[in-house]
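Just the one chain here, the form predicted on its own, laid out as structure tokens.
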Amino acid sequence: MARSLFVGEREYFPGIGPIAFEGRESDNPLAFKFYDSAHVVGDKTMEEHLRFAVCYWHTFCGKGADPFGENTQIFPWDEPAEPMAAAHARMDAAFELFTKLGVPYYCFHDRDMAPEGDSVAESEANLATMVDAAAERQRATGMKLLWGTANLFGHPRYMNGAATNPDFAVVTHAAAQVKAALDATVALGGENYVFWGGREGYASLLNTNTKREIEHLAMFLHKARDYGRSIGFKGTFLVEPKPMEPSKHQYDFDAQTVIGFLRHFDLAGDFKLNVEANHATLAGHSFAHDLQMSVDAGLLGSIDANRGDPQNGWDTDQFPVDLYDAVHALLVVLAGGGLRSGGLNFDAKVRRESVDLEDIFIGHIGGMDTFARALTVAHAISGNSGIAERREARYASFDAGEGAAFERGELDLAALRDLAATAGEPAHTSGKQEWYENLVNQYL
């Protein structure tokens, strides 16, 4: 579905019109080769399956800096010196890109949208002003908010964490930010709300009471959940796993860690996971692994679509272009019933050396095309290859007889021992890994 275009008093991307689907033979870098939003795959359109979102922070707040170098990207929305004027310019540029790109959603941190003030009240007022402006643009264009969140990692006060900070005064500031960000998310019709514990971890065990900090984090999430429900938020709360960086170790290390945390502290009924590809690989897993663990637990909420670089040891947040990786991810998502209220948001940024305005469009087009093509491949594999049936057949010994009795909890350890003694050595059964891998390549 095409969004109504937004172009404010100033056009920030002149010469770039709505991005159209032109097919794989097109040599136009500003056109989709595979993403056709209205094309039906199975029982949904590509837009309905993929639910793409542009992220405010990397796209409009990042300027090409990295740990070893200053800003390289000078964009026109950065020109106003007064912070609120710059916020309005950035919002105009953002909605222009959202609508020209044709995505249905966007997402933001509070400090992306509005500058921090000199007091809690001033920060809240700044955000409320920009929320009113965003609501007006949403009404005019049909754009929707996938999720909101609060930046609880950038300000110096959060150097020792936010909800896990050893100083209660810092925890109160974090709560004030989350309250305002939840108010903003509800006002803009956000379908989810995300917690990323950017500094919820430790640098040294010598000075850290990890038990107390983790309990404080759980209490904070309970209180945030309660407040959100009290103001009418009916969406899903999401926790985003990441193993480290900026902290040495973060309490939301990977999908299974977060799943265990949510279940232990009785949060799983309201919270699910926002899985990021680059975070999964930093934890030593594959993107598909963290998705599978989340699906298995019934807790997959949404996805940060990006990738890392295996030759770099940090979170590079590159646009996803690895088709093989995307196919494996969507095989898991489709088997799990799809993204529901979640989406694929591009927590990705153009490279430090990519300094042209069109590069921002080209990066998003590439990511959208990658997942669109992966969707058609994953759907074909799921529906036509027999892969699910073969996988289930590996577990046929649990479908009847003693195997089924074991799954029902009816056999004790002694009974299992007697079965082993009677049956003798099991036959070797091939896992057929090479067949599965070759099948994916065949469909690619």
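Keep in mind it's a predicted model, so treat the numbers as computed, not measured. Numbers follow the displayed sequence, beginning with 1.
As for the form predicted together with a small molecule, it is not shown, yet the points below apply to it.
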Fill in the blank from the handout: Note: exactly one of Glu191, Asp254, Asp369, Asp347 sits with a heavy atom within 4.5 Å of the small molecule in the model of the complex, namely Asp347
Handout entry: Partner-contacting position among Asp315, Glu213, Asp92, Asp183 - heavy atom within 4.5 Å of the small molecule in the model of the complex
Key = Asp315
Exercise for the section: With the small molecule left out here, work out from 135 to 143, 326 to 334, 354 to 362, 148 to 156 which stretch has heavy atoms within 4.5 Å of it in the model of the complex. Expected result: 148 to 156
Practice task
Tell me, yes or no, whether Arg307 is in contact with the small molecule in the model of the complex, where a contact means a heavy atom of each within 4.5 Å.
Solution key: no
Exercise for the section: Give a yes/no on whether Lys100 approaches the small molecule to within 4.5 Å in the model of the complex, heavy atoms considered. Expected result: no
Problem - Exercise: Trp196 in contact with the small molecule in the model of the complex, heavy atom 4.5 Å - result: yes
Handout entry: Close approach of Glu240 to the small molecule in the model of the complex, 4.5 Å, heavy atom
Key = yes
